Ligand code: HEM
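A single chain, nothing else alongside it, follows as C-alpha cells in the form predicted on its own.
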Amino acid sequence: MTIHLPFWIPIHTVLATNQKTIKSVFFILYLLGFLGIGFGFFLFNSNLELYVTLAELATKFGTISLYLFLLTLVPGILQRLNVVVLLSTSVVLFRRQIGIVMYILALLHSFYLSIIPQVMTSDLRLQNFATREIYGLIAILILFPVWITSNDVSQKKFGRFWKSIQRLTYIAMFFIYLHVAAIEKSAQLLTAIVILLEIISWIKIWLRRPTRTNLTS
C-alpha cells in the first residue's frame, strides 16, 4: 500500500539533494551534545542556578529523545507492513544520524538529572536512582553498542553480526517504555502504540516465512 503525501515531495527533494550539508549539521549537534555534558560538571559547582535551568531543559531533551527513537523505528515497521510513505524514505536518509542525536540527548537527560549531581556530591550509588531512572539507565546501556557501531566502519567490520547489534534496539524499547510509563501518559501511549506495531510487523514477517514442509516438498 502506498500513501501519497504530495506536500512532502519538495521537502524530500531538498533533503535528498542536501544530504552532505545536513549530515554536517548533525555532526555539529554531536559535538554540542558532548560539550554540554562536560559543561554540566563545570556548572554544578560554579553556577548552580544556571545548572538547574539547564537540568529543566534536559527534561525536555528526554522527551525529544523518545520521539526521535520512535521515529527511527517507523521506517522498519512500515517496510514490514508493506506500506510505502515518502516521509518514511526521508527518515531513512538520516536514520543513523537521528539515532545518534537521540542517544546523545538521552545522555544529556540522564547526566543532568541524575548522574552529574551524584558524581559531583560523591554519592553515586544505585540506591539513589528512582526505579524509572534505573529503567532509563538500562536502556542507555543496551543502546550503547548500537550507538558506538552506528557507522560505516563498524558495519563493514562486523558484517552480518552488525544487524544483530543494531537489533538490541528492540530490547531497549521495552525498558524505555517502563521509563516513560511512570512519567508521562501521552508518551507512554505513543510508545505502546509503536511497540505494538513493531510486534505486529514482525509477526507478519514470521507468518510469511515458508515452513520446513514447504521447503522440502
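These numbers come from a predicted model, not from an experiment. Start at 1 and count along the sequence shown; that's the residue number.
The form predicted in complex with ligand HEM exists for this protein as well; it is not shown, and the discussion that follows is about that form.
Trainee: Counting only non-hydrogen atoms, choose the one of 144-152, 157-165, 62-70, 35-43 that falls within 4.5 Å of ligand HEM in the model of the complex.
Mentor: The contacting stretch here is 62-70.
Trainee: Does the trio L15, L87 and S90 actually contact ligand HEM in the model of the complex, every residue with a heavy atom within 4.5 Å?
Mentor: Not one of the three qualifies.
Trainee: Quick check on this chain: which one of V74, I98, I104, L137 has a heavy atom within 4.5 Å of ligand HEM in the model of the complex?
Mentor: The residue in contact is L137.
Trainee: With the partner left out here, check for me: in the model of the complex, does some heavy atom of I183 sit within 4.5 Å of ligand HEM?
Mentor: Answer yes; at least one heavy atom of I183 falls within 4.5 Å of ligand HEM in the model of the complex.
Trainee: Looking at the partner-bound form in the model of the complex, is F129 within 4.5 Å of ligand HEM by any heavy atom?
Mentor: Yes - in the model of the complex, heavy atoms of F129 and ligand HEM come within 4.5 Å of each other.
Trainee: Quick one: does L78 come within 4.5 Å of ligand HEM in the model of the complex, counting heavy atoms only?
Mentor: Looking in the model of the complex, residue contacts with ligand HEM do not include L78, since no heavy atom lies within 4.5 Å.
Trainee: Does ligand HEM get within 4.5 angstroms of any non-hydrogen atom of L113 in the model of the complex?
Mentor: Yes - in the model of the complex, heavy atoms of L113 and ligand HEM come within 4.5 Å of each other.
Trainee: Though the partner is not shown here, which residues of 1-16 have a heavy atom within 4.5 Å of ligand HEM in the model of the complex?
Mentor: Heavy-atom contacts to ligand HEM in the model of the complex: nothing from 1-16.
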